[in-house]
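Take a look at this single chain, the form predicted on its own, given in structure tokens.
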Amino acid sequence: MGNTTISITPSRVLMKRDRMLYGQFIEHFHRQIYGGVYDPASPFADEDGLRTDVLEAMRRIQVPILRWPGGCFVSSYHWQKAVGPVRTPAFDKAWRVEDPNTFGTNEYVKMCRKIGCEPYICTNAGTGTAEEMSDWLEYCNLENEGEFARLRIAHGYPEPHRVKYWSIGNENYGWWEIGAKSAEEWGRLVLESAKMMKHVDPTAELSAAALSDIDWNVNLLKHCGLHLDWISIHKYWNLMPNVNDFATYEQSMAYTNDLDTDIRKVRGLLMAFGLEKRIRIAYDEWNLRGWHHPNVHTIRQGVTKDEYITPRDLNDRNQDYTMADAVFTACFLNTLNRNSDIVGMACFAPVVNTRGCIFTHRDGIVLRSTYHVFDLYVNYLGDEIPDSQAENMPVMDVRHKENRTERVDVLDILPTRRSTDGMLAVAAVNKHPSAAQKLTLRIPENGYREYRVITVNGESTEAYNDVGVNGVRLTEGEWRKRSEAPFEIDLPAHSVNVIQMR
């Protein structure tokens, strides 16, 4: 058992983190919308066709912001076909299925209001135009001026939706995206889109698709830096679009060496342009596991549905989402918190079904291992990041999926403080697959007399949750008196913990 010491100075607050770091994402892909959050035929459906069990689970983790409708889906999506009493089904060119368009803008905003989260609309910058994007903003946000505000009123929504957050495009840098753009084309399109959208609603906050590529971002920031509030980046570490080969627990831990790479690169570019105080990073699509969708984003397309649609069911094998997913997710949330001076928003992709933290079935829902991590971080951590120092951080060698050895830290520690009452809450992740670790906490200030430990864990690294299976749990420990001796906590193997002190 290792012994690591963390010295915390609660009174020296380095930064405040934004609750939007715990945002979520949902796309018109497979069962995320239809049969996921929206299922009028379900016995759990409310008067709007939304599943009440899913809404309740999302409220429990206090989803702060929900990105929609895509994703790759949005790059051939025309919003006007999915509003009003007559809906026009459309063939989704990204995922090669028909979308009935029964779940559109108004259903989405209504769902966000029921959850209590901010809507975050991603616009069509693939086959769409700058004017179509600004028309969508008119529909949502103008009170009664012009064709589209009056159209919303005619559809039964006299009050504006007041959607504050908008993303210009998705992954338009990628060859796989419908309507992909060159770096120069992207800078011009984003500029014109941002101008029109800000003319409609100057209070709207705009993001635009980016990546850590220098040429792409230089063109984007050169053309549009003064018009943007956010810069959007995405990442999936264990990519599996064509072969559903999950990284093992050990391989997943190897990915934790690469958690802040893109944040550092984009931070550097923003600083080079003098925009680090004006533009924040929206890490608005992320997950350890990439989605499985073979024979679609490929040169050779699948012909039969068994080639390209049926395999998508493999995304919903609950036994695949183990403590590896939970531990990785916690480590990435720690990374976001440590960079909360520049990262102000993040969206786990997706929230329901596919690789999501909630799984729906006919008789209810399953809360996967990652759900319990969001529960832990949202409901038990503080909102401030105090100064801290680590000593004797243990390391271990793990095998990367690309068959190389990676040396990784065994522990990932994030001290936080709750500004309302000063309570300390230390997130402590033990990545080791089999060995417990001892953590010593040194706190110079007096007054912390009691503590408790809240843990997410299972009996093994392969523990999972499924219908009738509850292998990964959140366990809330009792409050205990803290001894005057060095304050030591044993962190179980492959566990995610929060140590609260008051």
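From 1 onward, residues are counted along the sequence shown. Please read these numbers as outputs of a predicted model, since none were measured by experiment.
Omitted here: the form predicted together with alpha-L-arabinofuranose (AHR). The next part is about that form.
- Annotated contacts: E118, R280 and G344 are all free of alpha-L-arabinofuranose (AHR) in the predicted bound form [non-hydrogen atom within 4.5 angstroms].
- For K181, no non-hydrogen atom is located within 4.5 Å of alpha-L-arabinofuranose (AHR) in the predicted bound form, even though that partner is not displayed.
- Using a 4.5 angstroms limit between non-hydrogen atoms, W95 touches alpha-L-arabinofuranose (AHR) in the predicted bound form.
- Among heavy atoms of W291, some come within 4.5 Å of alpha-L-arabinofuranose (AHR) in the predicted bound form.
- Residue contact check for C72: one or more of its heavy atoms lie within 4.5 Å of alpha-L-arabinofuranose (AHR) in the predicted bound form.
- Checked against alpha-L-arabinofuranose (AHR) in the predicted bound form, the candidates R312, H234, K164, H400 yield a single residue with a heavy atom inside 4.5 Å, and that residue is H234.
- Though alpha-L-arabinofuranose (AHR) is absent from this view, in the predicted bound form it lies within 4.5 Å of a heavy atom of just one residue from E171, D409, E384, D262, which is E171.
- Of the candidate stretches 443 to 451, 35 to 43, 462 to 470, 64 to 72, only 64 to 72 has residues whose heavy atoms lie within 4.5 Å of alpha-L-arabinofuranose (AHR) in the predicted bound form.
- Contact annotation for 249 to 287: a single residue, E285, has a non-hydrogen atom within 4.5 angstroms of alpha-L-arabinofuranose (AHR) in the predicted bound form.
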